[in-house]
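Just the one chain here, the form predicted alone, laid out as structure tokens.
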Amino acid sequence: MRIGFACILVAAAAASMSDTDVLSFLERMRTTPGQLYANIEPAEGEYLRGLVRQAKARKALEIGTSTGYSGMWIALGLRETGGRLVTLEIDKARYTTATSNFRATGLAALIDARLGDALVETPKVEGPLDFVFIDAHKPDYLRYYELVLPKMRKGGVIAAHNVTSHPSPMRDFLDRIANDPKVKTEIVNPGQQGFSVSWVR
């Protein structure tokens, strides 16, 4: 008998899953209708996890939770560094799905998920921050960047998604990070959509 994804959520232990089990859960998300929405690719998730480790991040912020797929990749990295994630989502349905996914994997203990407009909620997040991932309304990327940059510690990193696949609506952001002396930026493509990765000087 086929077991639906909702049954898997109910049956999942409240205790934190092993990395292998979390990765299996993430793969099931990708094959379940209505779960994924617009999210990162698996190779991009693995890249973010490694970036968290590279930055030795203890305090992370995600702007744009969606259904929690990218947040769980980030949390896997934070589980290794001893850190925690604050993640912001404006859409209630996606937020509800994400928090359910966080609980199902046991990663909720590492994640402070907040429902609200990131332009309103980001100023409330206390710094210093070690790691920020931006994957929300593309025309607002520059505004998000300007909100988080003063909160970043030296050596921290700001990553942003879709810079290769959707550069037009964030052109002002891309121009800023390319010329901002406060950061050193590179564009990387572990998947098809592209990240900007800005290390704070």
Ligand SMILES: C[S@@+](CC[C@H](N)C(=O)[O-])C[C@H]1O[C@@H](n2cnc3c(N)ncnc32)[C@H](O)[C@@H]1O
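Note that residue numbering begins at 1 and tracks the sequence as displayed. Treat the numbers as computed from the prediction; the structure is a model and nothing was measured.
This protein has a second form, the form predicted together with the named molecule, left out of what is shown; the following refers to that one.
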Query raised in the report: So which of 77-85, 124-132, 105-113, 91-99 is the stretch with heavy atoms within 4.5 Å of the named molecule in the model of the complex?
Result: 91-99
Query raised in the report: Among the candidate residues R153, K56, H137, R171, which is the single one with a non-hydrogen atom no more than 4.5 Å from the named molecule in the model of the complex?
Result: H137
Report task. Find out whether any non-hydrogen atom of L51 is located within 4.5 angstroms of the named molecule in the model of the complex, and reply yes or no. Result -> no
Report task. Give a yes/no on whether I40 approaches the named molecule to within 4.5 Å in the model of the complex, heavy atoms considered. Result -> yes
**Report entry** Heavy atom contacts to the named molecule in the model of the complex at 4.5 Å, residues of 47-65 in sequence order
**Finding:** E62, G64, T65
